[in-house]
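The chain below stands alone and is given as structure tokens, in the form predicted alone.
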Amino acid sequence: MRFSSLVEASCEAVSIRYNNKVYELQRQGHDVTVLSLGEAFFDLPLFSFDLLPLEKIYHYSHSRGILELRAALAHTYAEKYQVPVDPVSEMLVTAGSKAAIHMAFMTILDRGDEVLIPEPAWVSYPEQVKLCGARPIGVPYWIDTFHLEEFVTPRTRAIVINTPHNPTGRIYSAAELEYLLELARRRDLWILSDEAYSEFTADDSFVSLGRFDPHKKHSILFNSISKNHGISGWRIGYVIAAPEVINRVLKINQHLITCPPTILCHYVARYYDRILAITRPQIRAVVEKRRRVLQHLDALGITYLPGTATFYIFASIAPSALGSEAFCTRLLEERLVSVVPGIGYGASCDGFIRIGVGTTSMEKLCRGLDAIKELIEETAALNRAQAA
């Protein structure tokens, strides 16, 4: 049989692969400490569906997403992030921000184009670029933003950033964002800014790229209702860009998705403010829990890349002799603790693991961290023995 070379060159999402292993172990009755999920669990009520428009919810809706929802999202960006957005022409809602990002890549990339992706990078960015026939260029994690131009070539079409960042939790500064846009103007590039964790901060330190590019000449923004409203299983996300971009993404959305799920869009639009009023205090609590987890890692002597936001930590497994894939496999099989291998976030990241703190109690988290420390020490001892 012959298969697509683009799909054959693509890799499975490592974070999802490990979570599938977790689900299988749980079905077998094992008590797994899950530090690998890319979401936070919130206590959310189920609001009444009786107030939704019955004559509409069973049917297709606007392929840009219903206007009521787009208007609410545009208002949030204008009021909270100082980014003016026309909900009619500059926004499209689709089935998760992951789909929105891929459709934007399809809109701007041709075969052979290059996309700069600073590492550690969310696992789907390089694979989505490859599925467009383009080439992802991973930038090692120790290269700072102000040196990205060193990696720009005549084939470079875009740079992808994620702020607040998965997996480190760092927030891009205003100076970094202004530098990126200045670079984009000089080198005729797109800056794609994945802002799916914009609510997951302890303060007001998050700045949207769109604040510095109000006419969206070089920026494409993505965000996630799934993440910020605590409803990840509902798969609703959106893209903000100039009308010329949105109109092209719209064509792809119509052929692949048709429209986002109508009933869920009406539900979120109807209860938009009430959902955020419930999730925002819980978001602050999970970000605070992340801070306490960092204190426990400090006490254990485990280092990590700097960051203050989200519910992720990118922790070093040094001086373990194992690569991150082997380390995570042993951790899950021997100690029933699930984390994500750092190699999934870029070639420069094999000495790290991603820890998620959004789904587990603090007590269980600490036991999981202790198990990580034990395996680091055990495999570091093997390394020393081999060296001797």
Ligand code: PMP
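Not measured: the values here are computed from a predicted model. A residue's number is simply how far along the shown sequence it sits, counting from 1.
There is another form of the same protein, the form predicted together with the named molecule; it is not shown, and what comes next is about it.
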In the predicted complex, does residue 307 come within 4.5 Å of the named molecule, counting heavy atoms only?
no
For residue 81, is any heavy atom within 4.5 Å of the named molecule in the predicted complex, or not?
no
Can you tell me whether residue 77 touches the named molecule? I mean in the predicted complex, with a 4.5 angstroms heavy atom cut-off.
no
Using a 4.5 angstroms cut-off on non-hydrogen atoms, would residue 199 count as touching the named molecule in the predicted complex?
no
Contacting member of 289, 270, 98, 218, with respect to the named molecule in the predicted complex [4.5 Å, heavy atom]
98
Have a look at 224, 208, 145, 279 for me and say which one sits with a heavy atom within 4.5 Å of the named molecule in the predicted complex.
224
Check for me whether the named molecule, as it appears in the predicted complex, comes within 4.5 angstroms of all of 114, 151 and 185 - heavy atoms only.
no
Among 102 to 110, 289 to 297, 89 to 97, 171 to 179, which stretch has residues whose heavy atoms lie within 4.5 Å of the named molecule in the predicted complex?
89 to 97
For a quick check, can you give me the residues of 157 to 188 that have a heavy atom within 4.5 Å of the named molecule in the predicted complex?
162, 166
